[in-house]
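This document opens with one chain alone, in structure tokens, the form predicted alone.
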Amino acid sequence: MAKCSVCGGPAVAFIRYQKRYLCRDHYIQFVEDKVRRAIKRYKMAGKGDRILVALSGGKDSTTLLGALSAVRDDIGFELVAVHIDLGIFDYSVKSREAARRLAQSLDVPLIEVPLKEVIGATIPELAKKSRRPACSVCGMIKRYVTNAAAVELEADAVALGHNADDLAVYNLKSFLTQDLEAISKLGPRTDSVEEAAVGRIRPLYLVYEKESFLYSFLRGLPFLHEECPFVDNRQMEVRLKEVVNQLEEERPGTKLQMVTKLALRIKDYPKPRGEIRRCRVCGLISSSEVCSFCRTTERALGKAMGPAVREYIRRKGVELGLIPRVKNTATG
């Protein structure tokens, strides 16, 4: 049996791009050190910040919340999680249960947003009524609700579970299609727009997808192993992921090189064009007079539901004692 390169104990993983074996404890430390290093290197969060985690219940958001909870006292930030119940049949039921168990085990306040209760429709229903693909509607809904939660809870940043594999693939796809403006949004962090949008951070920026899975497994963190039934495996990203994985197999460390070089050059890519506006209905960020969420829900449901989402989150925040926010600058 291979031995840990650090302590000599039984190894559970081999890090090919570092050419070393790690035992369970040192592997967990290895991933958490990556997260801590990314946060500090790219100035994602600091002492006294409130970080909102978009918790889906899958492996990456589970690893994200688990690792952030492990380093929060060291850096001095506060954690809050939001889970959106999308109403996607049994898949969403299992996702919700995993998110609940995880947040409770890590002592992280969790706000659940059940779409059926809040806006009167699930993702499958809204997709059918709006005549749009389910994945398109789902992405828009998740972006809106997560941002609404961050604004209402006065979060300093929204932490997303994108790992190095995700970002390498998104980067490659955007470059091949020459959507250079999209690349500018793939860095470790994005900026906030006062009272309209909270900036995003990616603490798993240096963590591989396989590393994320093994971390959650070794820590015994609850997460959903199933894939969303609406996932389209014919998308371009699926093929590009195979290409990137092959490059990593032949040249260990390729993914890390891709994302770290991207972070260095992110400012060289053009920013999205167009005026940044605030939706006249809900007040959150929009590229036009009415944001896509309010526009879609008004067409499909007869009423723009942005204000209802904000009010629901505000009420839950008050119930959990998160609103009004009392800033704490103690390091813990």
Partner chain sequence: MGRIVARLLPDGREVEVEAEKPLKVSELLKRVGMTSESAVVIRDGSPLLETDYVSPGEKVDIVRVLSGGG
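Numbering follows the first chain given and starts at 1. Remember, predicted model here, so these are calculated numbers, not experimental data.
The following text describes the form predicted in complex with the partner chain, which does not appear among the structures shown.
Q: Hey, in the predicted bound form, is L256 touching the partner chain, heavy atoms inside 4.5 Å?
A: Answer no; every heavy atom of L256 is more than 4.5 Å from the partner chain in the predicted bound form.
Q: Looking at the partner-bound form in the predicted bound form, is D166 within 4.5 Å of the partner chain by any heavy atom?
A: D166: contacts the partner chain in the predicted bound form.
Q: Closest heavy atom of L218 to the partner chain in the predicted bound form, within 4.5 Å or not?
A: Judged by the heavy-atom cut-off of 4.5 Å, L218 is in contact with the partner chain in the predicted bound form.
Q: Could you tell me if N245 has a non-hydrogen atom within 4.5 Å of the partner chain in the predicted bound form?
A: N245: yes, in contact with the partner chain in the predicted bound form.
Q: Among Y91, H225 and K241, does every residue place a heavy atom within 4.5 Å of the partner chain in the predicted bound form?
A: Checked in the predicted bound form: all three residues contact the partner chain.
Q: Could you tell me which stretch in 205 to 213, 144 to 152, 181 to 189, 125 to 133 has residues with non-hydrogen atoms within 4.5 Å of the partner chain in the predicted bound form?
A: Among the listed stretches, the partner-contacting one is 205 to 213.
Q: Among E249, D74, E117, E97, which has at least one heavy atom within 4.5 Å of the partner chain in the predicted bound form?
A: So the residue touching the partner chain in the predicted bound form, by this definition, is E249.
Q: Hey, which residues along 103 to 141 are within 4.5 angstroms of the partner chain in the predicted bound form, non-hydrogen atoms only?
A: Contacting residues: none.
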